[in-house]
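Quick setup: one chain, the form predicted alone, written in structure tokens, and binding and motion questions come after.
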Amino acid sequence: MAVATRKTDIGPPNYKQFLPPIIQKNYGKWAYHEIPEPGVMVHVAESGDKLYTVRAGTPRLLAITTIRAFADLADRYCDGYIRWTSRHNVEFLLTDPSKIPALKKDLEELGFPVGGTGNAISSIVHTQGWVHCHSAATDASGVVKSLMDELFPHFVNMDLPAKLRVAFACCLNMCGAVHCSDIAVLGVHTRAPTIDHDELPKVCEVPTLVSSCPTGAIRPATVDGNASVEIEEEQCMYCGNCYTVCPSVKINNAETDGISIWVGGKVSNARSEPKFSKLAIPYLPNNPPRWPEVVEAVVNIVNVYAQNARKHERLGEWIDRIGWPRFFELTGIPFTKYHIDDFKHAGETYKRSVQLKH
């Protein structure tokens, strides 16, 4: 007996139904792609069909009016097909290259520059910062805007040795891709949390709070007859996991929270294996609204890399070639005790690949 089937609403819809017809037709049969100019790509299929992509940088947080303006442009130039990348770029997918100049003109009149392709800086992927995140050590959108105002020429021009990916996370929870980016900006807490012992028993579960600490720094304790916790400060690494599960253990500190800079990471496995970002600058102060110390540090690293790296050499590959002592010398960044990883689980982060440099 045949079993009746019915449609359900369980699970996401199949993504292929949202693809432009040219992509559905040539799915899995793309021969190559080229970048004829900054912000414009063309993918060529085995059939000879060509798909043009125009990429523009956008903020992470968009107003509804902006999204409607993008939708209008998509309807006007590319049959309504539009997408966002994981780095907050908006991409318009066209089959008619004659429409590209007018689309670029309209985008730039709206204030959205075209670029971020090839040997350039793409938009900075970043977290939520003070606008929404409960455990942010610094802002996100404000720092990223300050950085991109200075790095903008590298977005609209392809003048770097290789592509450069910059990421931002406002705390160690790392909602951004700071663990594997060429340059990573990371908000850091530098003091152990303070505990509200009166509030804690009313809003938190002590076993959950204790188990939230990755280093075992939090232990059960009785304070003024109430169940609470104590923190071994020498074991605390200021990650803020405890604050995530218990708001009575307060990690935010306006005077001591700051920003660190990490370098050399990448996801790509082209030419060399993927790499984790490594510490370059352990602490810079929070100085809104323009964070001048952070901007100066990142611009300096970008400039030194641009002047010294070989063509197609990612920032981490350049550092591997010249060595870390030379990197610190060229950038003028002081080497301190904080660059030495003495964390008890540090061995888990050491290089264990069978790929060796000859």
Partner chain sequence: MSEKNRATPLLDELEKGPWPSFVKEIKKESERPMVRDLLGLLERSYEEHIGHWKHGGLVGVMGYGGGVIGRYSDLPEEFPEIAEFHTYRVNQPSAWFYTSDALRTLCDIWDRHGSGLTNMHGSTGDIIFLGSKTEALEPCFADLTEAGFDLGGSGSDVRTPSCCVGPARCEWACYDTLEACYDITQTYQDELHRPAFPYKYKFKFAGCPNDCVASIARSDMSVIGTWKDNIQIDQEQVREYAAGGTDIEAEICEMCPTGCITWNGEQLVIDNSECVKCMHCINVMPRALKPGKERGATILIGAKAPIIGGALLSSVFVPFLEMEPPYEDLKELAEAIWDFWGEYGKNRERVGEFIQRVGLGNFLEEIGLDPVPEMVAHPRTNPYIFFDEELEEDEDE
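This one's a predicted model, so the numbers in the text were calculated from it and none came from an experiment. Numbering follows the first chain given and starts at 1.
Form predicted together with the partner chain: not shown, discussed below.
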Assert contact_stretch over 222-230, 190-198, 97-105, 238-246 against the partner chain in the predicted complex, heavy atom within 4.5 Å, equals 238-246
Exercise. Is the gap between Asp159 and the partner chain in the predicted complex 4.5 Å or less for some heavy atom pair?
Worked result: no
### Trp291 within 4.5 Å of the partner chain in the predicted complex, heavy atoms
yes
- Exercise: Met41 in contact with the partner chain in the predicted complex, heavy atom 4.5 Å: yes
Hey, in the predicted complex, is Gly57 touching the partner chain, heavy atoms inside 4.5 Å? yes
Contacts from 182-204 to the partner chain in the predicted complex (any heavy atom within 4.5 Å), listed N to C, are none
